[in-house]
Each structure stands twice: as C-alpha cells, then as structure tokens.
Ligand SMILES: Cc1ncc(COP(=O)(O)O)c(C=O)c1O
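Below you'll find only one chain, the form predicted on its own, shown as structure tokens.
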Amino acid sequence: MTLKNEPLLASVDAAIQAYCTAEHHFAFNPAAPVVRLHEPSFGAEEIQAVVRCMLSTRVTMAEQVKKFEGEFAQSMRASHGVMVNSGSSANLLAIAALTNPVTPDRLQPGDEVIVPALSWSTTIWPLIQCNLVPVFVDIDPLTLNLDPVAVEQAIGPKTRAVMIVPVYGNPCDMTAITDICRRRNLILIEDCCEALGTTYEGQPVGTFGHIGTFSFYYSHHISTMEGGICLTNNLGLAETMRILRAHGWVREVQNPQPYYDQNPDIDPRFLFVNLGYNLRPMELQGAMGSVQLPKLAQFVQDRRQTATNLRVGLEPYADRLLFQQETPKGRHSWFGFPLTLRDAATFSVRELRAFLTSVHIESRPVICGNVALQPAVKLYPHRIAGTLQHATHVMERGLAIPSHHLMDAAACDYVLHHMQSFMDGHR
C-alpha cells in the first residue's frame, strides 16, 4: 500500500512504539507472578502494520491478504494458500470444497469421515454441515493423536476420508496415516489449527493430504487476531475454495476468463458460478500475518524449550503424571503442555486445577476432551468405532498447562515449584 506524508506516518509509528514500550509488559514478573495459558505474540510492529491499513482506508480483502497467502504457502512448501477469517472457517471451506459438485470424485452426502475422538467442535461441525458422517476413533494415550490401528479397524463400506488433528502441535504418525489412505483410496484432510510450525520427517504438517487447515487466532503460534488458511497443492481445489470463500463469485480465481467467456452477458464483477459464503479475512489480518510469519520459527523454538524445561522438572512425578510423547520422526510445536493423571494419582484433575488457579497458573482441559461425549453430537448422525477409552480418560483426568513463547526459565521454575508443593501434599 502507498501512503502519503511519511513524516507524519513516522510520528504515528513512533507513538505506537512508545505506547507499547510503556504499557505492554507480558513477560513473567516474579514480583507479581501470573502464568497465563497464552500471551500476545504481537507488538508495535504488527500494530503499526494494522494502523497503516486503516489509514489507507483499504480494509477489505485485497493485496495484503494475497501477499500473505503467497508468503505462507511458500514457507510451508505448498502451492496454494486461501486465507479466511478463522481456523474454524478454514475447516468449513475445506470440507465445502471437497463435497462440491465441481470437485472430481467428491465426498457425497452420507459418506463417512474418520476423526479422532480427542478433537475440537469445529473439526466435527463442517462434516455434519456438509451432510457427512463423522466416525470417532480412539487415540494413542502417549502421543494423544488418533491411533492408526483404530483408523484401519474403523474403515467401513461408506468410509471415504480421514481427518487428522495433530494434538497440541504433536504430528500424527504420517507414515502410517498416508499409507492407510493410499491403500484404502481415502481422502486425507489435516486440521492443523493447533499445529503451526510442526513437521514430520522435515515436512510441514498440513501438506500431506488434499487440504490442510491452520488457525491464526490470538492464542495460537502466530496471530492475525482472528484468521485462518487452507493449503493445497491442487489448483482445482484452490480455485473452488476462492470461489466459495466469497459469495460464489469469480473475482479472486487465478484465471477468470473462461467464466467470462461462458457468460458474456453477465457483469464480470458480479458473476456467480457456485454457492458461496462470506469467509473473507480483512487486509489488516493479511498485513499482520506478514509481520508475524518471520517470527514463527523463534516462537516454536521458545515453546519447545519451555516444554523441555517442564518435562525435565516434572519427571519426579512421572509415577502420577503421564506426559505427551513427541511422535517419532516428528517435531512438536507445543501449543500447550498436556498432562494426564495416572491411576496412581491420589488427587483429581479438579483439585489440581483449583490449586493452580489459586497460585495464578492458568490451565484448561485438553482440547474439549472426547468430543463424542458432547451433547450436541448426539443430535446428528455419527458412528463410534471402539470404546474411545483413552480419549475419555484424557477428558476425565487430563489438563493442559502453559507452554508459550514468553515462558522463560523463571516462569517455568514458578510452575515447577508449585507443582512440587502440590505433589508433596498429595503423596
């Protein structure tokens, strides 16, 4: 974007920097200790980029969004990125494209899609909204990801796809999953909204299947306030998602001319060739993403160091706590630090969470636990494969504690000190 009056813009930038320096103090403060699940990943540079968009008065999806889409896809070694207004919308757009009549060998109403029971509501709702049937399978209690053996056993005559969720940034066993999908001719969808910066054998997650989705929500690895993106190496799927994203028109497709030629009597600015939503992001989000993206690698490294510190410090309590194990051949990005209470624990998750709250350490359930137990799921067709005992165990006896980019050694020591205090009182 081109703005005039650079001296005045420089003074605006300086004022933003001065305000952030004076008022934004999100790092751990031992004098007033609070350890939150997440802290802002953005600062003056991102705010300056957003303000410049506002000053330009160009705020709806345009060049900044397109620029970020290209940067993100290139960083992930994918061919196409289609940005949307949230990670949940990314899931909706992905499933809508895979079920659309223009998609070859599309998913049809009534087709089954295998999903992990330990997942999030907006992994499931797009399947139901597009008249597909989720099939819930259990997880590996060590990695917390869907169990490939359970996937194979759940496949039935109506199974057409697998939708994976790398839990808290821990990659799934992609060797096994891609092998199953290849042998069984299944579509692979990757919900990587918690897993930005995660790799398997050096390859970014979200690039193994037909479509991968990511979230840029405030609390995630990088943020565009709200926001998400779909990645694909299939031009046809990318073009369909661009059409579905905004009303069903053809304004954002790479080559709209064939549509113009087929419909010469319709104003090309308002040419609708498919159904559509309004899932567009704002220019502000694209501009913010372009500033955030180069910081991702350091954010992930910081999260990994925090997770290492917590894992080492909590090792004396391994008889009572089960830790999430990094998938072999994978690189975990640690959206949070999940724990599951072993049978030997003499305390409940509720007791531990209440104690942590009392000492200003935030915690939460692991995703939403076994989503198949949520009351809303019972309203819609679905299938449960197996007992889902491990996902239920995580729901009943699991929690996640912070593991973010601003947790330094002092913050980890504070968490570990209070965990030791609690454990010593519950021998």
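Throughout, we count residues from 1 along the sequence that is shown. Just so we're clear, the structure is a prediction, and the values are computed from it rather than from any experiment.
From this point on, the text means the form predicted in complex with the named molecule, which you will not see here.
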property	result
In the model of the complex, the residue from N233, S290, N274, T122 that sits within 4.5 Å of the named molecule by heavy atoms	T122
The single option of N91, Q285, S333, Q324 touching the named molecule in the model of the complex, heavy atom within 4.5 Å	N91
Any non-hydrogen atom of D138 within 4.5 angstroms of the named molecule in the model of the complex	no
In the model of the complex, H220 touching the named molecule (heavy atom, 4.5 Å)	yes
Contact flag, S215 vs the named molecule in the model of the complex, heavy atom cut 4.5 Å	yes
The named molecule contact at G87 in the model of the complex, heavy atom, 4.5 Å	yes
In the model of the complex, segment of 188-196, 234-242, 100-108, 300-308 with a heavy atom within 4.5 Å of the named molecule	188-196
Members of 138-177 lying within 4.5 angstroms of the named molecule, judged by heavy atom, in the model of the complex	V165
